[in-house]
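A lone chain, given as C-alpha cells: the form predicted alone.
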Amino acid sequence: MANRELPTGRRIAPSILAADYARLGDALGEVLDAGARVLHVDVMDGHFVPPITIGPLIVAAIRELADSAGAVLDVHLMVERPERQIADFARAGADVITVHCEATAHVHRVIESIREAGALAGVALNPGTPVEALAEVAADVDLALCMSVNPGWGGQTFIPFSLDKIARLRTLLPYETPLEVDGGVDPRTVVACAEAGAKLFVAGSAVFGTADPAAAYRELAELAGAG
C-alpha cells in the first residue's frame, strides 16, 4: 500500500536513475537500511528529454520494498503531456507525482488529476524557467521541485544560479510546502541548498555512483541536517 505522505524535516531522496539495475532491489535496500525514506524515480520519455528510462512497471516492482521501510516513492515525470501517464503511475504505487510546468499547457488541471488519482501533486521548473511560472499554483501543490541541472542525464554539474532560485521559490511557496532540489546535489552543494531553503535533496550519482551507497547517503544526510 502506498504511503501518500512525505516525511517531515529534511530528507535525502536517492535517485534510482543512478542505481545498478541488474541488482536494483539490493541497491535500494542498502539506502533504505541506511535511513532513506524517499526514493526518487526519474521517468523520461525521449521527447521532453532525450533519454528514455522507466515506466510504471518499475514503480510497481519496487513498491513492496518501499513499503517494507515505510518509504515514499517520489515519481518525477520528465515527459511530454504528463496528463496521459498519471493514472498508470498512481496505480503502480507512486506516492508523489511531479510534472514539469513546461510539459503541459494545463498545469492546474494536471495537479487536480494527480490528486484525483490519489497521489500528492508536485510541479517542477527547469533551470531556464522563472519562478513566477509557479506563482498561480503555488498554493495548490504538495511539492515544488527546482531543477539545478538541465533535465535528462545524471552526473551533471550543479548550476550556481540555482541557489538564488531556490531561495526565491521558498519565498513564493507556503511555509508547509516542501521544496525539492534535483541535479548536482553532492557533499559540495547540499549544505548551500539546505541554507537556501530546500528540504528534499535528490542525489543519484552522489549516492549510487560511489563504492558504498549507504555511507554516501549517511554523509549527505548528516551534511544537510536530514533525517
Ligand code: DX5
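Start at 1 and count along the sequence shown; that's the residue number. Just so you know, these numbers come straight off a predicted model, no measurement behind them.
What comes next is about the form predicted in complex with this ligand, which is not displayed.
Taking heavy atoms and a 4.5 Å cut-off, does Gly184 contact this ligand in the model of the complex?
Yes, Gly184 lies within 4.5 Å of this ligand in the model of the complex.
Is Leu17 one of the residues lying within 4.5 Å of this ligand in the model of the complex, judged by heavy atom distances?
Yes - in the model of the complex, heavy atoms of Leu17 and this ligand come within 4.5 Å of each other.
Any chance Gly152 has a heavy atom within 4.5 Å of this ligand in the model of the complex?
The answer is yes: Gly152 has a heavy atom within 4.5 Å of this ligand.
Flag His40 as yes or no: does it have a non-hydrogen atom within 4.5 angstroms of any non-hydrogen atom of this ligand in the model of the complex?
Because a heavy atom of His40 falls inside 4.5 Å of this ligand in the model of the complex, the answer is yes.
For this chain shown on its own, do Val72, Gly122 and Thr177 all sit within 4.5 Å of this ligand in the model of the complex, going by heavy atoms?
The answer is no; none of Val72, Gly122 and Thr177 reaches this ligand.
One stretch from 164 to 172, 196 to 204, 54 to 62, 23 to 31 that, in the model of the complex, holds residues within 4.5 Å of this ligand by heavy atom
Selected stretch: 196 to 204.
Pick from Ala90, Met147, Leu143, Val107: which has a non-hydrogen atom within 4.5 Å of this ligand in the model of the complex?
Spelling it out, the residue with a heavy atom inside the cut-off is Met147.
For the stretch 58 to 77, which residues lie within 4.5 Å of this ligand in the model of the complex by non-hydrogen atom distance?
Heavy-atom contacts within 4.5 Å come from His76 alone.
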